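Only one chain comes next, encoded as structure tokens, the form predicted alone.
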């Protein structure tokens, strides 16, 4: 039977604890008791952990055997803010598929009321990705940046390979770009295999934004002849990347 997995809110070398909603769920819903074992992620590592103490506000574990895990894909996603229900669904699926970092971008065509409200949604987005990480049994959390304009977001990715999903591109496919960069045969160092993807808002990037990408050496690629919704493009791109790597 697969053990439930939790991501620690606080930890040190020997112990970890859950607080807030996670502690409430484990203590009140699952009726946790001292001596029970769960899988606990602490500091990016996965442990078999034993409950040592349960209170109304916290569940504390003794960390035991360190278990093997699969690392997140070395993918930094720049995702333009769109309608929040679609955006949050995209964040959830990007987490499940293994993205390491997501930067919400306030694009020119992001609706003004969404751009103004985005900063207040970040903590909700982090909770959504936390739940998605637990559900998909990840051993790490996605880094969710604060929303920012494209000019600022373009300064963040350190990945050597930067791919712009562009509906105006007709020839260079995502698969061809990955093959040309020979990521499959890249050295083991994750930095050498790291990718950054950019996915635009409804209506696409403006001409000025496309020029910004060009100035920052982003390569436009296509996912095929169909026009995809932003959240669908995220899933398609990460699925191709995951299969390729």
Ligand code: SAM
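Residue numbers count along the first chain shown, from 1. Bear in mind that the values here come from a model prediction, so they are computed numbers and not experimental data.
Heads up, the form predicted in complex with S-adenosylmethionine isn't pictured, but that's what we're talking about next.
Distance criterion of 4.5 Å from any heavy atom to S-adenosylmethionine in the predicted complex singles out 198 from the list 198, 42, 49, 195.
Taking the partner from elsewhere, residue 229 is found to have a heavy atom lying within 4.5 Å of S-adenosylmethionine in the predicted complex. At least one heavy atom of residue 221 is located within 4.5 Å of S-adenosylmethionine in the predicted complex. Shown alone here, residue 166 lies within 4.5 Å of S-adenosylmethionine in the predicted complex, counting heavy atoms only. With a 4.5 Å cutoff on heavy atoms, residue 233 counts as touching S-adenosylmethionine in the predicted complex.
Comparing 83 to 91, 121 to 129, 139 to 147, 166 to 174 against S-adenosylmethionine in the predicted complex, the single stretch with non-hydrogen atoms within 4.5 angstroms of it is 166 to 174.
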